[in-house]
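Considered here are two forms of the same protein chain, supplied as structure tokens in two stand-alone entries, structure 1 and structure 2.
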Structure 1
Amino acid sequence: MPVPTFTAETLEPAARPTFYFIGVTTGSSSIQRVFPAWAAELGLDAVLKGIDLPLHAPADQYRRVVEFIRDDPKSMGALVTTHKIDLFQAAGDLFQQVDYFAKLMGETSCISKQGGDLVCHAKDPISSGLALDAFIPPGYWRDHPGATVVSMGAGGSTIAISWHLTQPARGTDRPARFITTNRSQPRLDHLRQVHAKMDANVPFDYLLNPTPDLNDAVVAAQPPGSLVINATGLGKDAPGSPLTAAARFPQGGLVWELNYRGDLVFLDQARAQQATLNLTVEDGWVYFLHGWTQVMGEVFHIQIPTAGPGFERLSQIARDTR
């Protein structure tokens, strides 16, 4: 049962310390049940409220929401999904502090208050990196020379993942290529622009693949050990998979579905080949946990563990609410 949410027009001053979730249909998200349980565990006196905005909302709605959070004393901050790029473009000038990743990627997933400043961060490079590191061991790419990444879907997650896996600080522990496919051209162009600013020195490919059979061909051509990612949202945000039933994953490869709920056809396709091809198959659960806890750490000025028993406990609490 969805819980009540705000719109840009219905926001009202918070009676209790409030953490907002800015999305499209926030009332039906599982975080509505998870957050109260986490708040109790972490000793936070705060409630979560959703703010629903239409896709590509008018700029004045984004500005109204950001100004409201800035001006309302009990509004602590927000996690932003879906609107990360649009909100930053419409309201980026309202922040006194903008972190390195938000500037580089032109988006924000995290609004917080630090002292008297309104602050925004792009947390996806950190949270997707923590999720990747949880199933790809250190040295993996060095040990699999030639292995590549194919990320299907050229949105915010692929930007973040591509940064994490190709940053120069990784030295030789980087994939041989990073290939992104997308059904339309504009996001591929945006990704290319972000990569140009990153100076990663890993070859990037940007492939316009309007139909899944084209993705099949790209995936089939990758060397053993390569990583294949469904970053399109297909399976959750819309039915289906970016691959056809005939697709064949790379021998000994890694497969990552970014979502963890929905009819995840891509995940089923990978699991069907898991044993014969010796695949490591991962869903988006750990990504979900890091995405929220990274933002909560910033908004509530607390350190939340990223591994070990403390992190496992938060994971278990979240699982128990499902």
Structure 2
Amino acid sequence: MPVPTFTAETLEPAARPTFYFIGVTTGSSSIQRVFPAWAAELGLDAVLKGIDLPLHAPADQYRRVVEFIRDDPKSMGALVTTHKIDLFQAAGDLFQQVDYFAKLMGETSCISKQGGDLVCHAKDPISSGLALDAFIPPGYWRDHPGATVVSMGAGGSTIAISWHLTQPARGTDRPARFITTNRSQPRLDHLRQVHAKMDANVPFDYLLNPTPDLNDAVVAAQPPGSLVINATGLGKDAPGSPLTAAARFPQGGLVWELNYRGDLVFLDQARAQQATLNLTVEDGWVYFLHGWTQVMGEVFHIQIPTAGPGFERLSQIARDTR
């Protein structure tokens, strides 16, 4: 996969109201085809433009992107994928407003403008929660009292998912344990710091697993009914899977591939065991829908439904365009 090239020419003053997509391989995303159809449906006079940055880009690149969006009058805002934590760490001081979740989680998934202020949002706790609730029925964790979560990857998605699933308001409908694995230590340290500020009362484990075989062992050790998540970006931002071909998922478990495009090796691994292990397997399409519509609502200052006929209409438009 080629490394994105970022130059000064990447940022040009917008001729029309422009909504940005800050990622790694933005040109391959379905949103390039979906957004124009959604904009027509919602009556938005705006275009979408991708900004590709390499993984863990230099801080000055993140700052230049944020400063450009802040200063360009026709730049409406942005959705941020992959770079959520790095962008916040590099450019968090450039925002006049930072919402509660962005402060708690130390990330930026949405940039908007309100009353002359540049605003930093973290929308993943809402969008990931909506996506989770779409395939995990209420009371699931109560009905599977020993079941755990294994989230491979310690970035912004795992932070948001762990918040949603461990909130005290869920009562007993929470996993018995939340385990995060990652290939490098700094992200695990950041996650631990975020969890220390949460009133979760669910045990958290942080495992440094630099190779897929270590993830295999963790996944195989989980009780029946457990949830296994690929939150690494492997399969989309880089090829491959966080598991080897020898991995075995928990009997009767849930498997969530956060990606919906790419080589999706992890999704293929889960589907190969779906029938024999009675797995519920979900890809990232519904997460994609909620992630984008939540951010669009903030950037364009409109209410976008999260369920019912209004959301189904947008979902059908996306499916037809995809």
Ligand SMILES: NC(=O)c1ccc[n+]([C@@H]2O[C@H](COP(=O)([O-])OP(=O)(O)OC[C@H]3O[C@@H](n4cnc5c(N)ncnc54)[C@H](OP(=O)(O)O)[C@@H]3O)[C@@H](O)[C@H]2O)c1
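For numbering, take structure 1's sequence and count from 1. For clarity, a rigid core is taken as the largest C-alpha set superposing within 1.5 Å between two forms. Note that the coordinates shown come from a computational prediction; the quantities given were computed from them, not determined experimentally.
- The form predicted together with this ligand corresponds to structure 1; structure 2 is the other form.
- Annotation note: for the two-part rigid motion between structures 1 and 2, P17 and A91 are assigned to a common part based on which superposition fits each C-alpha better.
- A rigid-body turn of 13° separates the smaller part from the larger between structures 1 and 2.
- On the core-superposed pair, the CA position of R64 changes by 5.1 Å between structures 1 and 2.
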